[in-house]
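Each of the two blocks below gives one form of the same protein chain as structure tokens; they are labelled structure 1 and structure 2.
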Structure 1
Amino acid sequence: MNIIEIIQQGVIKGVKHLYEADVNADQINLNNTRKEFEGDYTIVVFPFVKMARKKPEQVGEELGSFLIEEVNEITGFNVIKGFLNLTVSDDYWLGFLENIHNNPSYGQHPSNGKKVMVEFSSPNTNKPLHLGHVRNILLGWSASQILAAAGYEVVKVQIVNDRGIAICKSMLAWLKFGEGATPESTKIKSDHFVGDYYVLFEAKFKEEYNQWQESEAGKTVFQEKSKEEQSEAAFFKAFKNTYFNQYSHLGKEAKEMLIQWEKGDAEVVALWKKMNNWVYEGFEETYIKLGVNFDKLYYESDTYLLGKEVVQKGMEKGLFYQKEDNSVWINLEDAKLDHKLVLRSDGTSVYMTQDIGTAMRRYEDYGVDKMVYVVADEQNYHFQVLFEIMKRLEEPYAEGLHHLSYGMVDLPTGKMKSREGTVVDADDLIEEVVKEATANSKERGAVTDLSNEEQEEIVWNIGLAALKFFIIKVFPKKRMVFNPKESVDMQGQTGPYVQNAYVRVRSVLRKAEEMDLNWSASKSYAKLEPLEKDILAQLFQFPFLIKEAAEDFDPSTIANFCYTLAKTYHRFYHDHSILKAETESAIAFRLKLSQAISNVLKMGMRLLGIEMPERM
């Protein structure tokens, strides 16, 4: 039994003995004691006041006395109003440390026999990954690691939205204007290369539109429109799609290409493969830089037809209905949602259709209990609708669907404009943080004795830790600003700050290895310092926190835990001697405490996808 269970059992026994009442563990409100009071754990006594028919203070006194008598691990108590503060014996904590200090996987839960699929990244194939994807990937990766640590079997997947009009735009632009150029011939990273043709398409399209506006045909259309409707802003808001679909040559060609693709035209399919493969190569480089990987990739081109089939079958059952124009819809009004389109009037599938098919294919493949979708909050409605549809289709996993929704990431104004001026490429961002880390490291001049290669590895490691920690520490649903300079600040609430605490612990432990010490003396360490107890209580929390973070799909709590532990260790290091402590037993105890801290920091940060350096 751990200390929480020990206290709970004691309280259950005490309430029975004192007041002849039954309580269960869930009714016991147990917290860490607030810093300003004496004690380690605090029980709220109000729930027992009714049973006892006594004043809260008296109940606290009686329960406290009982616990001291009956529970070996409790050595003291005090009552403040309705709160009973309990002091845990040093012996308990020493035993706890003895058990965990040498266990590098402390915090890992045994298998719970459940399988969860985590979908993240899931880009479209017409553009490189951008800042939003970075938050997505970091959240998806850390959520996966945390779920695995909580005992789940985790399957990491993506849906690659690899078909549709967007990729046809890149393909068309390359055919028309590319003159056979390739990523190799231009030495451009291959996903950026394809993205550039998407941007080029948009530019040519706009050019075409401007010319059309001046033409007779355009003028005729525009005469019917008001001044406001004719403005460029209105074009990009309201008229762009109409123009693309009805008047544009480029639009017509792109749509024709999509039709040919759906028919399986050999040339179009070959071009599609070539360009998508370029994109995948580029994505893979970025994933490697970020240190992430996937167990399986799903492609929309493989699942959209299954989605169509499901819709057609569902129509026979009356789940979906057809409008006069042949488009197919589902009515979700009684779930407080709208009517939703699932097949267009020409029979082609929409974004929702492929998601229905993909979910089913995934369940066929893995039989998971839960599926988590890491997708930006712009798509909240989409997932409400998708999950409702899956329930109506009576899918066995429908209750286990979860949207891990997250807010936008902005950059401080004026920072790092990308080529398009709006989005920031993931690759550029990574380069930027590593640059910041390098500058910061030069300033400190800490590892100049190492080879260039080693130094480069260290600043790379610090830069990525900075990027990852800064983003993950924010509650996912919150919109945030990513500030590269702040993210590498060794004094701030940052990844490098936590790494620095780890480096400090490791250096102490390395020194200890060279000394002739009596490690078993720790058992006779007589009196724990408040900071030592504080650290032990934090370490004790770690496995519970992992479980909570997994249940809430919230990696930010782990990041904040690591920061607090690092901070407490920095303080401890400052206030107390470790290797030069007064007694042999204090040295041994503090070293074991340091070992435990280094293990937990390493594991905690690993759950966030962050490596810990030995030096920095």
Structure 2
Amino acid sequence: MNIIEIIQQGVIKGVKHLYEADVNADQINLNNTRKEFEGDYTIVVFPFVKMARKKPEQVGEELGSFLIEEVNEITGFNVIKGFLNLTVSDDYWLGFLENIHNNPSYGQHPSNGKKVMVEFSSPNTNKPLHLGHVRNILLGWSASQILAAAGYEVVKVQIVNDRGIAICKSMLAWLKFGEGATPESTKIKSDHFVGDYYVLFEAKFKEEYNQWQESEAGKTVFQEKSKEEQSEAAFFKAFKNTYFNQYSHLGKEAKEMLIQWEKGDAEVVALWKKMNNWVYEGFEETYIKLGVNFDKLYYESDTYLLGKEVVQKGMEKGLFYQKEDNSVWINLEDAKLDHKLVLRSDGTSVYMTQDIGTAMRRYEDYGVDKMVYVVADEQNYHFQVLFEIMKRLEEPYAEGLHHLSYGMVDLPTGKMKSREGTVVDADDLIEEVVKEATANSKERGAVTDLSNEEQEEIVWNIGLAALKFFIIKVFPKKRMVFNPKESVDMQGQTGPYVQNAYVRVRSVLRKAEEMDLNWSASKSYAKLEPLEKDILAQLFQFPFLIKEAAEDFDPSTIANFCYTLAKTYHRFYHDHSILKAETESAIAFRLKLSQAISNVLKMGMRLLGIEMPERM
């Protein structure tokens, strides 16, 4: 048993012995003792007051005395009002360290026999991956790694949004203005190349719209449709989508291209495949840079018709209803949602219909117990509706559906806009953080004795750690601002700071290999220092935090744990000698402690997709 279970069993026996009452482990509120009080773990005694018919302070004293007598691992206690603070014996912590210090997989849970699918990234094929995608990708990847460490079999998927009017805009712009250019002929990364034509389409459309506003036709529409006292600027800003759908020549051509694609026109489909393949090649390069991969790709061009048959069957069961215009809806008012469209009047599906069918297809493919959708919080309502519909369809995995909702990412300069080409592309962002890491590395000059290739690898790992950690450390639901310069700070709450702690540990362990040491002397280490107990308590928490992060789908739990452990080790390294400690037992103990920290930091950061360098 671990110390938590030992204390829980001791309390159960104590309450039975002292007050002739039965309690179970779930009724015992056990927490880490707050820093300002003496002790390692704190029991809240208020739940036992009624059964004891005594004051909280008296219950704490009696229960503490019982635990001192009956539980060898408890060596001291104090009572603060209704809180019993317990001190764990040094012998327990020494035994704990002996069990874990040489285990690089410490924290990994055994298989729980359950399978979970994590959907993330899911980009459109009309533009390259950008900063918003980066947060999605990093959350999805780290969540999948944490779930695997918690014992799940994990399937990583994405659905590529490879069809629709946005894709046709890029295609049409290339066809009209590309003059046969290719990524190879222009030396432009292939997904950036396609994205440039999406931006070009919007620029040409804006130009067309501005000209139309000045034309007689535009002025006539303004006079007929504008509200009283509404300015032309306000009217035409609101009228933009209507113009695209009803008046625009470019809009008409783009919509016609989409119709031809849906009919299977050979030329349009060939162009679609060519441009999408350019984008896929570019995406793959970026995924490799970020160190992520997928087990399965789903494509909207294959799934956009799914779900229609399900809706038809649902109508027969009374789950859906049809309006006079033949559109099909579902009434979710009893779930505090509203009426939701699932089929248009012309029989075509909407995104909700597709998502219903795609979920069913995925279950057929993999038989998962859970499905996690990593999607920005703009789609919160969509997933509330989807999950409620799946429950009503009585899908076996319906209770295991989860939306890992996250806030948008801004830059210090403000929001990004894809259509205007003001987004920060993922590749440019990676390049910038690596550039910052390179500048910092040159300033320190710590690895100048290594080859250029080794230096480049180290700087790359530092740059990627800066990017990943800065984003993952933020609670997913919070909106955030990404600052490349802050992300590489060696003194802040950053990935490089944690890496630096690991490098420091590894340096100590390498020096120890050159010494003639008696490692077994650690067993006779006399008395733990407060910082040593603090570190051991943090290491003890690691497997529990992995499980917590998996249950909450919150990778920031692991990121912040790694930072806290790194910070504590930096302080320990500063305050206590390791290789020159006063006794052989202290040296051996502190080296084993350092080894355990090394393993946990490496594994913890690996769960975030971050590599740990040996030097930096």
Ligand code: ARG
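Treat the numbers as computed from the prediction; the structure is a model and nothing was measured. We call the rigid core the largest set of C-alpha positions that still match within 1.5 Å between the two forms. Residue 1 is the first residue of structure 1, and the numbers go on in sequence order from there.
Of the two copies shown, the first one, structure 1, is the form predicted in complex with arginine. With the core held fixed between the two structures, G307 has its Cα displaced by at least 2 Å.
A displacement of less than 2 angstroms separates the C-alpha positions of K485 between the two structures, with the rigid core held in common.
Taking 2 Å as the criterion, D338 counts as shifted between the two structures: its C-alpha moves by at least this amount when the rigid core is aligned. In the rigid-core superposition between the two structures, residue position F320 carries a C-alpha shift of 3.1 Å.
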